[in-house]
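Form predicted alone, single chain, as structure tokens, below.
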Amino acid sequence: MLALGIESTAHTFGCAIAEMKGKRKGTFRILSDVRSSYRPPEGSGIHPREASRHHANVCSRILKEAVMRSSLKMEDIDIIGYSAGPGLGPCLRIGAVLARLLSTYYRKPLVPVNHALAHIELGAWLTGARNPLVILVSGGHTMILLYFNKRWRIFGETLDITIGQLLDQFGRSLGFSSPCGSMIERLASNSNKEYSGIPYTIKGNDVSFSGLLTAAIKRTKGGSFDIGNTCYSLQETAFAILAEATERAISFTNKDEVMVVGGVAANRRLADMLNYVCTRHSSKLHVCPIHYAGDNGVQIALTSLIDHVNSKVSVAPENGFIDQAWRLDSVNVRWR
């Protein structure tokens, strides 16, 4: 079965075509993967209206290129999957409108996909993780999850901003444009690694980053400061909070696998910290490959295929919805 996956939750618009034979994910094959990302001005974050304009301008080209690279025609596609949420409303609408249009014109089943679930499914297929404790870290999510009774259950999450928002907002205060995670990682890696205390907040198995962000920004406003060491201190504190919450989760659940997915999974320092935690508890760490850690159409294509093949899920084009606050723990996962 062939699927077109359309991703448009935030700054990235992507289309991918993939194939799955039978009901086993091991037969999944990526035929094309094309993306374009909106880049805001220096010192600015993602403006939903401007990002959606970018998506509207590039969607036709991205779709055509994805079909061309797959050496297929739209008539060959069996289902159309799209990111229905969570995400930025104006951006989600661009992808949903395109998906509904294609579904109507070519008479193909339409499959809404939860973006967070798509990160997990792609990560599991790429890493071979079977039943892991999942650390979902991105601009839109910071969650610790485990699968139980047909749903992903939240063992811990952020109480305020996500880890991705922490890095992006701090980076923007320094004049960078979002996403800022890779720049902060580079500055921290090249610094003298002189740590200075920044507020460390964890409540049970939930985490909090807003106080950490405020303290780091205040530090940059007063007198002389070393930008590299400040980035280093910010990363070390934030990732140590996540590592503590993860270690507690492993202790409670006795999981022998931990999987990290989402855009921040690309950060090598976070992976090092979590690997140390996993080693202490004899758990195996799986990290989503960098190329697929961020948003992409492949994750939407894969999840739509798994859902449709195993559960026969689809909606009529006129019922294609978006939900900016579609919680992962509200989604029935029928195939695990």
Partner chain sequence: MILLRFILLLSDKLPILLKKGSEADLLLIDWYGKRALSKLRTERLYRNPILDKELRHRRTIREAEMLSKAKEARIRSPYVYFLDTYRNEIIMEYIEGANLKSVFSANLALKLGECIAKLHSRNIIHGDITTSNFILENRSQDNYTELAIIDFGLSFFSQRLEDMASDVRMLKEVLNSVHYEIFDQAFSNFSEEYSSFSPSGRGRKVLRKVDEIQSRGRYSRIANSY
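Residue numbers count along the first chain shown, from 1. What you are looking at is a predicted structure, and each value in this text was computed from that prediction instead of being measured.
Keep in mind that the form predicted together with the partner chain is not shown, yet the notes after this line are about it.
> Does residue 185 reach the partner chain in the predicted bound form if we count a contact as any heavy atom within 4.5 Å?
Residue-level check for residue 185: no, no contact with the partner chain.
> Residue-level contact is defined here as any heavy atom of the residue lying within 4.5 Å of the partner chain in the predicted bound form; does residue 243 satisfy this criterion?
Result yes; residue 243 sits at the interface with the partner chain in the predicted bound form.
> Is residue 230 near the partner chain? Define near as a heavy atom within 4.5 Å, in the predicted bound form.
No, residue 230 sits far enough from the partner chain in the predicted bound form that none of its heavy atoms falls within 4.5 Å.
> Indicate whether residue 159 is a 4.5 Å heavy atom neighbour of the partner chain in the predicted bound form.
Yes - in the predicted bound form, heavy atoms of residue 159 and the partner chain come within 4.5 Å of each other.
> Only one of 208, 127, 237, 191 comes within 4.5 Å of the partner chain in the predicted bound form by heavy atoms, so just point that one out.
Partner contact (heavy atom, 4.5 Å) among the options: 237.
> Out of 49, 291, 64, 269, which one falls within 4.5 Å of the partner chain in the predicted bound form, going by heavy atoms?
Checked against the cut-off, the match is 269.
> So if I measure heavy atom distances to the partner chain in the predicted bound form, which of the stretches 140-148, 256-264, 94-102, 172-180 falls within 4.5 Å?
It is the stretch 140-148.
> Select from 184-215 the residues with a non-hydrogen atom within 4.5 Å of the partner chain in the predicted bound form and write them out in sequence order.
195, 200, 202, 203, 204, 205, 206, in sequence order.
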